[in-house]
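One chain comes next, on its own, written as structure tokens: the form predicted on its own.
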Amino acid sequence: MYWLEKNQLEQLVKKLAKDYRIFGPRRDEVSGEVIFDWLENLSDLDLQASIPYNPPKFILFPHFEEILKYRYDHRSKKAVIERINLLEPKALVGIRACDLTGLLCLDRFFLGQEFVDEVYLEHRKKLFIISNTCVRPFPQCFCVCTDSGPGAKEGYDLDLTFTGEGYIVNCGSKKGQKLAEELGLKEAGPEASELRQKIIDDSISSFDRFALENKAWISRATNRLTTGFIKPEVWEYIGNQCFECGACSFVCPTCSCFNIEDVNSKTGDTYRVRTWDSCSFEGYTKMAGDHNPRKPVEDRRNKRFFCKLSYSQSKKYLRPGCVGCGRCARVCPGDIGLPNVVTYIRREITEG
């Protein structure tokens, strides 16, 4: 482990900026919201800010992305296919543990199964990650319920833990180790590991005082979702509150649903485009002939929460599909963010 002085943080970011496009949390001048975004001005980086309004997944899995283009020659009856590769190295600076866990879930979806998504892989190869320990929880947090924070356990190149005077730096990769050595950081000594753990333990113990907006004790809800022992009336109640807006999917760090379509251009080229999709939308499961096996909204809602909390999904991705960031509860106009759904399910168990 190493020690990073407060005044060395700017030096670290500037050095990274020589080789990477820097993304990090900054406060929007108009709305005042904290957003995770490209830092055109590196001084906008705010590591003490709360969890960003948006998850950083858009950097690896963009909302709209052209993944290839092709041109069909009618005379020769041949198609010329060209991969679009405009990717540049990117650095995520100050990513919270919950969002980093979300990226690891995306890794297992796009890279850890039978087929590997080559476009996502290219994004991933050119990424440098600096995680940021949450020294105290924020009002919407429930990462302790999903084992995804407040401190990162894996997946980072460098991990920063603020002590009040500076940062404890933990190296998680050869790239991170190399950067720490190039910056000439001082070794923190054996007591640094104990101090970092104490900071994390103190953060966990303070959840009852600061994380007041959400609670999601999910173990019994997971059991009910996995076995299917939830009354249809509960799903109908949840479905009746859904506006089918897709906001929960778009702000979720682990949602990976997408749509593919080919778009013609005036030049004669056709672009294959990947865009985010959501199981909230009625057309998500629509088939040829206009058949839709999941037409009732409550049927689509229960599939979303099955994806987030069921044991089969946890076994597939090595953890629950929810990382406890609380964004779904914040953006849902119908009051059916995941913490509330868990409450509805647990209430049924209690009443039953």
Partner chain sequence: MPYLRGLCNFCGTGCGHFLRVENNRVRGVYPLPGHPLSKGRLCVRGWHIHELLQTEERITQPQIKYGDRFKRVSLEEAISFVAEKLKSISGQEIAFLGSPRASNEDNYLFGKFARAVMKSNNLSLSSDAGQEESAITLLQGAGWPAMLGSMERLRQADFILVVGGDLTKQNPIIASEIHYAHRAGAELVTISARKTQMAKLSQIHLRPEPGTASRLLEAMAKVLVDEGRIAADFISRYTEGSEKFLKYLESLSLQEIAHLTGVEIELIRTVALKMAEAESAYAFYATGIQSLDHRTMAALFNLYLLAGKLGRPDCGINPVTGISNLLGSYDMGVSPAFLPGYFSVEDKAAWKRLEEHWQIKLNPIPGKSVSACLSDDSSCRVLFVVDHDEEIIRNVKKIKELDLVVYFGAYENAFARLANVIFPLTTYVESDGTYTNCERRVQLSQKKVEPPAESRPLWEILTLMAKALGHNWTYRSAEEVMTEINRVVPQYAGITYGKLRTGWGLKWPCDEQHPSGTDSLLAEEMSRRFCFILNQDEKLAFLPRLQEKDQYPLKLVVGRSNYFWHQNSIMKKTFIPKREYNALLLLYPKGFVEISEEEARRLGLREKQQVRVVSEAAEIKLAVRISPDILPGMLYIPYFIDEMIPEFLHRQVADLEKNEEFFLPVRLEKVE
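Numbering follows the first chain given and starts at 1. Just so we're clear, the structure is a prediction, and the values are computed from it rather than from any experiment.
FYI, the form predicted in complex with the partner chain isn't displayed, but the following is about it.
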Which of these stretches, 198 to 206, 225 to 233, 238 to 246, 129 to 137, has heavy atoms within 4.5 Å of the partner chain in the predicted bound form?
238 to 246
Let me test this: is every residue among 47, 143 and 147 within 4.5 Å of the partner chain in the predicted bound form, going by heavy atom positions?
no
Only one of 275, 177, 193, 113 gets a heavy atom within 4.5 Å of the partner chain in the predicted bound form. Which one?
275
Check whether residue 281 has any heavy atom within 4.5 Å of a heavy atom of the partner chain in the predicted bound form, and answer yes or no.
yes
Taking the partner chain as it sits in the predicted bound form, is residue 9 in contact with it (heavy atom to heavy atom, 4.5 Å or less)?
no
Partner proximity in the predicted bound form: residue 305 to the partner chain, non-hydrogen atom cutoff 4.5 Å:
no
Is residue 168 close to the partner chain in the predicted bound form, meaning a heavy atom pair under 4.5 Å apart or at it?
no
Would you mind checking 323 to 341 for residues with a heavy atom within 4.5 Å of the partner chain in the predicted bound form?
327, 329, 330, 331, 332, 333, 334, 335, 340
